[in-house]
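Okay, so here's just one chain, in structure tokens, the form predicted on its own.
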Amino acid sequence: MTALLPLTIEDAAAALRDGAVTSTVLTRAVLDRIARLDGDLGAYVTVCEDAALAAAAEADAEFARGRDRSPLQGIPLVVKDLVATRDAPTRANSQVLEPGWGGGVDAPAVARLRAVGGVLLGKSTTNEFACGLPDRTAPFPFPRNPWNPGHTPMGSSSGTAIATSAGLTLGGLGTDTGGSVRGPAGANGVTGLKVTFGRVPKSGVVPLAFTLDTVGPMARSAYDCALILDVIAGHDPGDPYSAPVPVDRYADAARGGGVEALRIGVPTRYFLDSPLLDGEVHAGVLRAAHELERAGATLVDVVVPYAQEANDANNITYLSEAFAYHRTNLVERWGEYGRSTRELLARAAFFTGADYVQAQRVRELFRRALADVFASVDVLLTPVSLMPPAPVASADLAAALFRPGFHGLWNAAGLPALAAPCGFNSAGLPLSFQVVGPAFGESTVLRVADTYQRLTDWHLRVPPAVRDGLACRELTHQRVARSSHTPREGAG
């Protein structure tokens, strides 16, 4: 048996099949890390130890019988506490959500993970109803960035990102309405995929915005995300928003031939020329673009029309739809909401029906404009955020509404977008870039990110404070020589 936990689902799956480890040993080791480390990290709101060990024992028994359901069989995973599970309450980090929400039934995405032998460890921390800031006075864990606990883990799927970064899971589920998978993935140095709207069923998930919400995978690598997406993607007739569109074999596509024939659009206007864009973020994104160019991709200078307008439309849409969901409770239970949550939601009371309608018109205009953009390129490459994760004390959701944003416009258009690590800044905080594809273009998005991650090892770096007990290693797969200018801060 190995004494060190593997970093990736890919490695863990191989170890399970080689007999180097059992799911029971792997799951127990992860549970022990949670018990030892999570008090300082706040990644978990609920740990289902008995259920996880029972699932691991069943996975081992199936391996012994020669039954291999999927690469996720026996793999410890976590689910954001916005997604219903049968063995843990769904709380949405709020004292307002009614006890018993979800009826003790697995959401379709969770049921699909269980059906292939995934081991669910519990529920990960979220911001209240996926829109407020973490609140130290609330009776829930306070999430901390494992690279620097004084800086924000950034976004409502932060629990899953923290847990993955710190080795408290091998991956899991987040939700993304305006960046809540990609922001935390970028801030915590892991990989996160916002899927095409309708690609993964979102029934059984506490809603934030009905026409924007998505459920997506978070893991250390793009390939790991593809393994999860292989399981959770696909139409569900019980979800009116679920798209009846055939699914790909995403893990196969991720390793499907590199980027030699691909055209990668790099939009300067709005994305790279903003005076608010951090210089080290700018440099990291361009290094990633040129790494892909050296691997054979063609970089194309493109313009994304209506970017700011689309980002504004997403803000108006998600706040309006969230306000519609919360309106009665805001009136009757105002004091039970966290301060940042209620103040953010209440802003939508000032929007009119005309504002909402105009936002939908902008969304359609933006979709049409993007169709022209994707006629000339296969994917786009942009920053994930304007800056590395900010100090916790300076976090301000309301102010963020008025800054350029690189997340929400892709939600407005319903497109897939993936955040992947691309280095560290001078303070040792993760940097990340974003790959955006056309609707249902997850295969190409994953292929670009996987190619980059087979050439670099940023996604395998582990925060120093939680490194003990993890199989930190340099790359063992074939890769090109590292460029001499590639920074080494935060090396794991």
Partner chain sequence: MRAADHALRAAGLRLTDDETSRLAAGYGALRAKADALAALDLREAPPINPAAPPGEGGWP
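Quantities reported herein were computed from a predicted structural model and do not represent experimental measurements. Residue numbers count along the first chain shown, from 1.
Separately, the form predicted together with the partner chain exists; it is not shown, and the next lines address it.
- Within 4.5 Å of the partner chain in the predicted complex, a heavy atom is found for every one of Phe323, Leu330 and Ala413.
- When contacts are judged by a 4.5 Å heavy atom cut-off, Thr352 counts as touching the partner chain in the predicted complex.
- Using a 4.5 angstroms limit between non-hydrogen atoms, Ala439 touches the partner chain in the predicted complex.
- With a 4.5 Å cutoff on heavy atoms, Glu309 counts as touching the partner chain in the predicted complex.
- At a distance threshold of 4.5 angstroms between non-hydrogen atoms, Arg136 is out of contact with the partner chain in the predicted complex.
- The contact with the partner chain in the predicted complex, taken as any heavy atom within 4.5 Å, belongs to Thr211 out of Ser203, Thr211, Thr298, Gln95.
- Of the listed positions (Ala395, Ala111, Leu386, Leu401), a single one reaches within 4.5 angstroms of the partner chain by any non-hydrogen atom in the predicted complex, namely Leu401.
- Checking 161-169, 367-375, 103-111, 276-284 against the partner chain in the predicted complex, the stretch whose residues place heavy atoms within 4.5 Å of it is 367-375.
- Of all the residues from 171-206, those having a non-hydrogen atom no more than 4.5 Å from the partner chain in the predicted complex are Thr196, Phe197, Gly198.
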